[in-house]
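Below you'll find only one chain, the form predicted alone, shown as structure tokens.
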């Protein structure tokens, strides 16, 4: 890797402390960023020594195997500049930058447009020859379609689309990348990965946590904007995309947008037919009492923000015609559990007697216990022909294998110019288009209540097709 710079705007914040700097340290440990100059930038009146001391505390808190000698060499790559998000202040970065530089906006979402514009006004977005300038913008990308397009227009005043890397950390997760590779690398799946053989797809992301220290943001966002519009929609597109003729980041992103464009419009559908929202009330989590969402610190008592959201989508193309895709996510639920579950239709062939055969499920487990499960039917041992369900399980990682974090993967991709796992604006736009009808309908009325520590509101089954039920929020596998 030739000499280049990474500038982190908002370098004193929580994102830098918990995620970015530990990831950069691990990349340094692996020898992947030996010449990368890392420049922290924030309004704090710090000097370089204060910044380094702040980061050392973070690295040793979040990297279990951090070593003093490795930290010493890593710290030589660090620098700090104090300044505001004004063009004149940002100009002082020019003297410290390498010809090729990446700017990471680790800032509140309300500052994304201002920061991108100010960097451009300072002349720091201009590329020259083989030297590049790139900018990373964290999700959320707006709060609806209108604000997303306004942000796009503001960013594009000084940055071309090819320079903009919109980061959704779910795309850097090992389980997410494995989903696509597993689909396309195993020929046994190719002929059955379509509507003739698949009954339904369920995508679930459940959390026991409440809003924690994100109350102000979360009350303006809610579960739909925070999880479904971005993270779970990414999982839907990767489950549903067509095979690629060749590996190319732009072709992959084209295919993902094609999926979103193929989702049946919901504008004229009654919202209760395809969408459910809920809000947690007092209950028990791991034996501990928790309060109502509306009684959480910094949450208005009359809030109508949803802490649970479930949606059903139909993809109107030849591969998926008639297959429902169910997405749900919520807080203060029974377990921390995340999965993509694909149910296959029952076989058409005859079996002895009246044997009951359950449909097969292929499960991609996400979270701490990543792996894959195949639920199948086999003969029960004994003299009589009876069936029982069996599960073929495979953990994702093997002992001794290094598991790369999402931010490690995405930071390296951005530095190398690999755009496959970043969002192009048309993908952002179409993801908003399919979600907005629910958000508009929910401007009136209130969410359905559910007790903390349960599987969510009972009304979530309302959007399921006859014979379909949500899979239980399983206990995480050990």
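All of these numbers come straight from a predicted model, not from anything done at the bench. Numbering follows the first chain given and starts at 1.
One more form of this protein should be noted, the form predicted together with 6-O-phosphono-beta-D-glucopyranose (BG6), which is absent from this view; the next part is about it.
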Contact of residue 226 with 6-O-phosphono-beta-D-glucopyranose (BG6) in the predicted bound form (heavy atom, 4.5 Å): yes
Residue 133: touches 6-O-phosphono-beta-D-glucopyranose (BG6) in the predicted bound form, heavy atom cutoff 4.5 angstroms: no
Non-hydrogen atom contact residue 169 with 6-O-phosphono-beta-D-glucopyranose (BG6) in the predicted bound form at 4.5 angstroms: yes
Contact of residue 253 with 6-O-phosphono-beta-D-glucopyranose (BG6) in the predicted bound form (heavy atom, 4.5 Å): no
Contact test, all of 26, 37 and 74, partner 6-O-phosphono-beta-D-glucopyranose (BG6) in the predicted bound form, heavy atom 4.5 Å: no
Segment that reaches 6-O-phosphono-beta-D-glucopyranose (BG6) in the predicted bound form - one of 380-388, 186-194, 296-304, 207-215, heavy atoms within 4.5 Å: 207-215
Interface residue in the predicted bound form among 365, 312, 152, 331, criterion: non-hydrogen atom within 4.5 angstroms of 6-O-phosphono-beta-D-glucopyranose (BG6): 331
One residue of 139, 261, 91, 345 in contact with 6-O-phosphono-beta-D-glucopyranose (BG6), assessed in the predicted bound form (non-hydrogen atom, 4.5 angstroms): 139
